[in-house]
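Starting off, we have a lone chain in the form predicted alone, written out as structure tokens.
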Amino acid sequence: MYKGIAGSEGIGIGNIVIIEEHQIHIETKTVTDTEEEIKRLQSAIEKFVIATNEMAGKMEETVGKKDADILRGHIQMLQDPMIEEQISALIVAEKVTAEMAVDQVLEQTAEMFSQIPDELLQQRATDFRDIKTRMIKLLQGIEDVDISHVPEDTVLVARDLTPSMTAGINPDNIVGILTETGGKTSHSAILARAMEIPAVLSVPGICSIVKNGDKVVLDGASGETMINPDETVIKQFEEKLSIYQKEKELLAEYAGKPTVTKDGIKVELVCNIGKPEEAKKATECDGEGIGLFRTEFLFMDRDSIPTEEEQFEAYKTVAEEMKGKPVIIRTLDIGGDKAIPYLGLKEEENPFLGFRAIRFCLQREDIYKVQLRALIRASAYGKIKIMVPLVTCVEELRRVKEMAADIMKELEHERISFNKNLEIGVMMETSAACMIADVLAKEAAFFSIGTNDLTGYTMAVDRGNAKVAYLYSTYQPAVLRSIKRIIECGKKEGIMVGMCGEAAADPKLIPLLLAFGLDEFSVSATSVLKTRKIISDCDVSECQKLADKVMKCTTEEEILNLL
């Protein structure tokens, strides 16, 4: 039995096909004709754009536009003027080959992103390394790996399944994915979930453990896999697969139904999104609104700040797609840990405790006012709510509200429509916000608990640091007490309290959250029906008995055993 990260749920039973990448060797040599090298570079970029657009087109047919846009994003990343200029400048200054310049610049960029303690942004490192590999292959005339013709019942094994590799996947032939790297938010996981292919990621040394043709079983929910199991184990997994398929069919019964507990308590079940086009997926998956729209992605992969009109159209698109359902939009959560060169942010020793999110926005009102103005204008087209990230003192919330009030006066003067009752709330993700939750609840229109950062800040843990990662757990008594306090303070003041972290879809935590009185669960679109089923199976009075026991526990182990 080998253990990895549960990347995409489901049961896979099949035969291994290893995706072997060509070894790339870059010769170190001095070039005399730098103009010729730059021509080679430009030619490779042109070929890259054509090939990537073709791959994205195929992916759009098999998986959908949202996932195809991951590949289209690679074109924007490569054609970023700063990246192109750096590569060309290195060729001229150091008289190196185009391959060497591409390798150095894109690897440095990838390394920079890999150091950011944010899983979503760490995926940029995978993107840049994928782009780098493909560009060097184009320069050296090496053909890309083609996995479009693998036989039926294939379990793909790779060091990492990059977006360019997945473009050719035929979901009908592939029953599972095993990789040596990647996490729950990696492209491997996102694409596997989109194609509903079971995946176990970050299995140490799996590429050298297996060989082509080996029989394999894997469980994408537990993160377990077995190589060449005996008939008894295969039968067990076949039974698991049958049960999983029946459960999936049963989930369809929850589509179109309200999210109500067994004893009649209704809660909101909404979705987290990062881009405007993802709102459609939320609707298709029966989400009851948007609980978190991460706006920083509008600012990334470009060389200038998005204009008011660009932002307005993005927010308006989501509001209109949701047709009057609530849409909580988080204002710019950016800082020293998220690389956006044109903002001129300096590198910080500890960016998670530094100049970021609302701290940055309140010192750069020229940027923040544009965003707030676009958001307030878009509020005329739906039930938009504004959420302020990384709040640690009440003055921050008050200043945002003052700015919003000033903008509303401007818009009234200009006779531009907006929602005069627009709600402004707080993303509760710091220990400070938790401790003054009673104060914030008197001034915020709503709370949304960001469990990922709340866990990190409460436990004083850098989740990117393997030596202390064992402490990064929402089941820690300190974290659960923080969540309970935030909900209690919100309920006391009669405001809505939601949760937009990973914990909102955790089957073990949902009963506790219901007992604490959580009003809104914001999850990934694909988790909606499963979360609705779990909630509908819960009796809140029974959940409260469980919660009473849990809150008396003194260790994470005791809590997990109870749950």
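Because the structure is predicted, anything quoted here is derived from the model rather than measured. All residue numbers are counted from 1 along the displayed sequence.
Heads up, the form predicted in complex with phosphoenolpyruvate (PEP) isn't pictured, but that's what we're talking about next.
Student: Pick from 230-238, 447-455, 147-155, 205-213: which stretch has a heavy atom within 4.5 Å of phosphoenolpyruvate (PEP) in the predicted bound form?
Tutor: Result for this chain: 447-455.
Student: Pick from 137, 294, 193, 129: which has a non-hydrogen atom within 4.5 Å of phosphoenolpyruvate (PEP) in the predicted bound form?
Tutor: Looking at the other structure, the residue within range turns out to be 294.
Student: Quick check on this chain: which one of 72, 373, 385, 356 has a heavy atom within 4.5 Å of phosphoenolpyruvate (PEP) in the predicted bound form?
Tutor: None of the other options qualify; the answer is 356.
Student: Is residue 511 one of the residues lying within 4.5 Å of phosphoenolpyruvate (PEP) in the predicted bound form, judged by heavy atom distances?
Tutor: Residue 511: no contact with phosphoenolpyruvate (PEP) in the predicted bound form.
Student: With the partner left out of view, is residue 500 within 4.5 angstroms of phosphoenolpyruvate (PEP) in the predicted bound form by any non-hydrogen atom?
Tutor: Yes, residue 500 sits close enough to phosphoenolpyruvate (PEP) in the predicted bound form that at least one of its heavy atoms falls within 4.5 Å.
Student: So, residue 427 and phosphoenolpyruvate (PEP): in the predicted bound form, are they within 4.5 Å at any heavy atom pair?
Tutor: Yes, residue 427 sits close enough to phosphoenolpyruvate (PEP) in the predicted bound form that at least one of its heavy atoms falls within 4.5 Å.
Student: Determine whether any heavy atom of residue 330 comes within 4.5 Å of a heavy atom of phosphoenolpyruvate (PEP) in the predicted bound form, and answer yes or no.
Tutor: Contact with phosphoenolpyruvate (PEP), yes.
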